[in-house]
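Just one chain follows, in the form predicted alone, and it is written as structure tokens.
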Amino acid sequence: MTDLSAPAWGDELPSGADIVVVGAGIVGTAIAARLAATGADVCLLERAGPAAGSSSSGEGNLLLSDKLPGPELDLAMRSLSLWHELGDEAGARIELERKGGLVAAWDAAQLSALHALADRQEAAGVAVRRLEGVDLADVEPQLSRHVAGAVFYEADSQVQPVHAVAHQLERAVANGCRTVRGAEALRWRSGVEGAAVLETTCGSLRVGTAVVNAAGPWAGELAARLGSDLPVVPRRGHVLVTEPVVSVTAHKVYEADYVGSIHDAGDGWQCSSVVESTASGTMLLGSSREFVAWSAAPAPAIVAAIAERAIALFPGLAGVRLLRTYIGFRPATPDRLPAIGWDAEIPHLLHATGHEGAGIGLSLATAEAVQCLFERRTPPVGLEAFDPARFSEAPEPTKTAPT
């Protein structure tokens, strides 16, 4: 597998490329791998290193359970099928686990709302199983007996995102993609005969068809540098890692209000318990969401809240020691939906960002959609809801590739 830390990663900046992908996280590498496999002339730029941002600070979730019925659920279902294909190809190297997810409700009101959501998801094609009492205890023996009921989503899965990025990078390079680490995109300038030229910290790069903005939580800043106004901002989250323990849960388990915390529009921080195991035996405890720009210092109150809520779900965690806490930044848009498509104003600029905490899961369908846009084909999942033009004063329909 590609060594993400190898100093030899990448080439010198080429003089030009047809498609330049900015950002070597899970979305950018998925796009680069997919486009390179078609024979496209692709250059992947990364200022820090592969998986250096959001992709290395998440839990690797591939979820249907937290998606509201509609375009995002449709995109998630398509992406999950692509993840299964990739898992079959990559084998154990990306640690894809089809573990299933359990969403727990604390009282009758939460359970009623959870069942209503599950009904709508089931109508959209998601396999769900409603659990209470003995049935719930059989599935999750260590779950608190104060939980009123739950819904089990058998399709929910998990992947090791850093390994997945490495695999995608390896596929891209094998198909001719050129990679440049340490190159930060700065601005556009006009070249000979009006050609688009991307200025970087490593020099100038002539762009044939487009720059793909896959810069994650930095995507709004990159868009501004290139003359656009894309409202993508970082949304911070905490994850706690425990010492290795004897199995507490074989599934991903989270509280029913987790979905609400994703879509909350408030300025304060939100916390909803998420508990899951890893292949190494440690437990990952989340999650929190807040808008605090790029503050990387853990907040003790949030760490305490995550731990307390995890113990409430699984009382057996009370004696388990924490190894560390890490911070991640998710690329958030005002409506919490991704921005996938051509910029409303800037020619040669295509956005693939704004997935918030769902970037791992949605990355493969996003890459497929980007390929379809370049090839002027209709993607399997409609992109109208994700069109970046929705953030402009005069939205335009999703465009195809510039000629």
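The numbering used is simple: start at 1 and walk along the sequence shown. Since the structure is predicted, the reported quantities are computational estimates derived from the model, not experimental observations.
One more form of this protein exists, namely the form predicted in complex with a small molecule; it is left out here, but the text below deals with it.
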- request: Tell me, out of A76, V259, A183, L86, which residue has a non-hydrogen atom within 4.5 angstroms of the small molecule in the predicted complex.
  value: A183
- prompt: Just one of V42, A358, L364, I340 has a heavy atom within 4.5 angstroms of the small molecule in the predicted complex, so which one?
  reply: A358
- request: Evaluate W269 for contact with the small molecule in the predicted complex, applying a 4.5 angstroms cut-off between non-hydrogen atoms, and reply yes or no.
  value: no
message: Taking the small molecule as it sits in the predicted complex, is H115 in contact with it (heavy atom to heavy atom, 4.5 Å or less)?
response: no
message: Just checking whether G101 would be counted as a contact of the small molecule in the predicted complex - the rule being heavy atoms within 4.5 angstroms.
response: no
message: If we define contact as a non-hydrogen atom of the residue within 4.5 angstroms of the partner, is G328 a contact of the small molecule in the predicted complex?
response: yes
- request: Can you check 53-61, 341-349, 32-40, 368-376 and let me know which stretch has heavy atoms within 4.5 Å of the small molecule in the predicted complex?
  value: 53-61
